[in-house]
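Two forms of the same protein chain are encoded below as structure tokens; each is given separately, as structure 1 and structure 2.
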Structure 1
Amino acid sequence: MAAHESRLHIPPSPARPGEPPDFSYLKTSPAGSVPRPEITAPLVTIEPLASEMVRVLDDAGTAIGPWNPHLDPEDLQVGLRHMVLTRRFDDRMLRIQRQGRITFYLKSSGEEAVSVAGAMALRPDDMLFPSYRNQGLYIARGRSLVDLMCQCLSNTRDMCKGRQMPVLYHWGSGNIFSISGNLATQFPQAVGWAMAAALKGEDRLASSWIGEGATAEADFHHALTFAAVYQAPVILNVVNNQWAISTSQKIAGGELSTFAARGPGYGIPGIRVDGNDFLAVYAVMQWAAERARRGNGPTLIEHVTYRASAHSTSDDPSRYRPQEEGRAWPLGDPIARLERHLEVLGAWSADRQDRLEKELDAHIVECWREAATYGTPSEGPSLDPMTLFEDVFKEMPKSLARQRDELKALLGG
């Protein structure tokens, strides 16, 4: 059974370290070229959108075509601010992790538009079921950075009471669901949430995000099946950032078909969008939200983007992809592209950008300073270990109380 006799197809390897980056597999559409169907359009009319790519911003930074959401410059500036804050927050937290002050971190760099435009296109009472790479949702909905930092620190103000790894946030009052360490589980949960909203006759929708790698999990199938059967008011987002740790999107099933294309097979419109184009993401999310609100059911959206950083602080991408790959990514950087667009609109400048960055950096530093007062590994107050026995059940059973007392005695408490 030598390799050469084998007929087993292995998807072609992406460019590996030492090889030139190769994105020849990526199919894009020119900005403005893809039609925008009515939200009530029959599935067959929408089907081509699963293999095309909705794009609004052209190379010159102009917004064109039927998907242009015609946002005010003020709104775009807000979007830009959220994206920049997300990126700089990520960068700072990475440095903090490298200094050993938090145990782990995971950036969303290069993918900020997916979360920020997504959150802005929805209403605050729509329920979000994110993956671990959607910190932009928190930023766009205005969660205090201090709270996010305290979670990463597992300190006395940690919303998770020290139980979750960094970035696995949640936000009840902000309508953002808990992030699971187990991939994809949130996808069908979002569908159930949306079914309940419909069942109660409420005008709220759910939106969930997973990576393209995670689409291979059972949960993806359950989500699509249940969403289709009950026409749940849900937006199912696949964030195709080309990589799942070390394996390319081809290993996830992206070689012969797009991830958006899964949708029509289940009776769900699938739309592929340039995930680094803030306006396109906004427009597509808005379209899907409108559909859901009008009772036209779920939409599957594939956001084509690029994971610009390592998978996480436990990862070293130089082992499996060319260092220059990010620079070769054909869809550019979402922040730079929106800046450019605002410049074209005459609503932005290098100077403003500079000031914005400084302002946000200062804000981040200040937040960190505050967060640290609630405890860091080396100083400040620390969470009471006895809390580890709480919340297993709503009320602590006797047996667990005994275990708590045992630990208390052991710690000399």
Structure 2
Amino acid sequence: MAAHESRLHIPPSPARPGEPPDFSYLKTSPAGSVPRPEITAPLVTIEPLASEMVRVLDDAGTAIGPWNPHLDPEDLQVGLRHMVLTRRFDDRMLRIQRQGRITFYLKSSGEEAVSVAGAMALRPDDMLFPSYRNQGLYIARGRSLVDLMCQCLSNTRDMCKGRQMPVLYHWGSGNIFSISGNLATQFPQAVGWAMAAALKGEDRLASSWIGEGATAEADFHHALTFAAVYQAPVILNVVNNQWAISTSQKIAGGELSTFAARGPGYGIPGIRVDGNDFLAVYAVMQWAAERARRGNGPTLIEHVTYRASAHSTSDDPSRYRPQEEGRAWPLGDPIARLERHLEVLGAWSADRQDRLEKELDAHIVECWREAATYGTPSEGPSLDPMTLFEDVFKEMPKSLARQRDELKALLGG
């Protein structure tokens, strides 16, 4: 009898540079075809949602099916404005980084609906635990672009006082937790916050976002275990944008099953949604939020989208994927799809879109001019170095006070 050959399987990339894009692995569902269960439905009846894909907008831009949230055109126009502002802001900040005026940047191009629709479906007092590609959360909640720019500049108005990488924002009064550069840390933090809210009898909930690559981190599994056991009012979002830094979603386990399918294994509903469909994202987030507020526990949502830009300004995606892959993405562009839907409703036009983009571009330029007055890497004013000693201890220990005094003396203070 021949001996069995042992082999190690290495998931291949769908397509390499120079090859035609290949999305044959992507399984979708027709728009409007996936049932919408009641929020009290038992897990066994919800399980199919982890393998199907919730979609509302069809190819013609019409909203169909049971997940249609029936938003007013005015609300859709607000969502479109937030998404366009997020993209134009990203584009401007990338150019600024390439000019050497900030050190680093991460764009969210192609993923705007995940953040903007998600934020709009939640209440302002719900606590958000974002990743570093969720700019739309801040914009949808009304954070000033000047504040975001100042953080990227590490200047005198930097909310992080020069202690964080660019784009690792926070906003206490806006109920958005500090972004961490370490992957998946925000998942257990969100679960813990949600558990505390439930203990206090509040009906607030927490929502967190990570990329699909971060599901390989232990924090992902810790979060799901605690969320399931204690039925925490939390929404855990996996943004499957098809690529980690330079490895496809297959390396994190996407070749074997959907990322939403990991939820039922913990006793948590898992829902897979078209992340480039603004209405579908809104509807699924709204469903999960209502479920959490009614005491029915957590939901794991997989947002299927595409990272249209580089991972960061330190990345060159042409080294690991076809250059034309983004244009071949089967689920299209979230902004263009919402534009088309508003046109179908008679509530938008190409002329209005052009005017909006020009208005927002002018606003971004003015915000940058103001942000630069608070300091740039080459021009003052600069952060006071003595702030190094603040926000560390409630009562400063003598050893730290001694170091502070030594620095003050060196600076001639």
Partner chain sequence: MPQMNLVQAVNSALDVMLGRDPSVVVMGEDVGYFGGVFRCTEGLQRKYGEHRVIDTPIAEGGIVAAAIGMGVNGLRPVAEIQFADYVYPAFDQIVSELARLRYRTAGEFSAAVTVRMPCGGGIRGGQTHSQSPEGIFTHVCGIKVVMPSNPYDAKGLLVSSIEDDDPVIFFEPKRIYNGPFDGDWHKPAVPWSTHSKGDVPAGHYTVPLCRAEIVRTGADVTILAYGTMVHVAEAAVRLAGVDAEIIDLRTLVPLDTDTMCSSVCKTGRCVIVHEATRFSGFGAELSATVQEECFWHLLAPIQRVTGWDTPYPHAFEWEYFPGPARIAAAIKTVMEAS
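None of the values given here were measured: they were computed from a predicted structure. Take the two forms, superpose them, and find the largest set of C-alpha atoms that agree within 1.5 Å; that set is the rigid core. Every residue number counts along structure 1's sequence, beginning with 1.
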| remark: In this pair, it is the form predicted together with its partner chain that is given as structure 1
| Superposing on the rigid core, is the CA of residue 19 displaced by 2 Å or more between structures 1 and 2? | no
| After superposing on the rigid core, how many Å does the CA of residue 406 move between structures 1 and 2? | 3.3
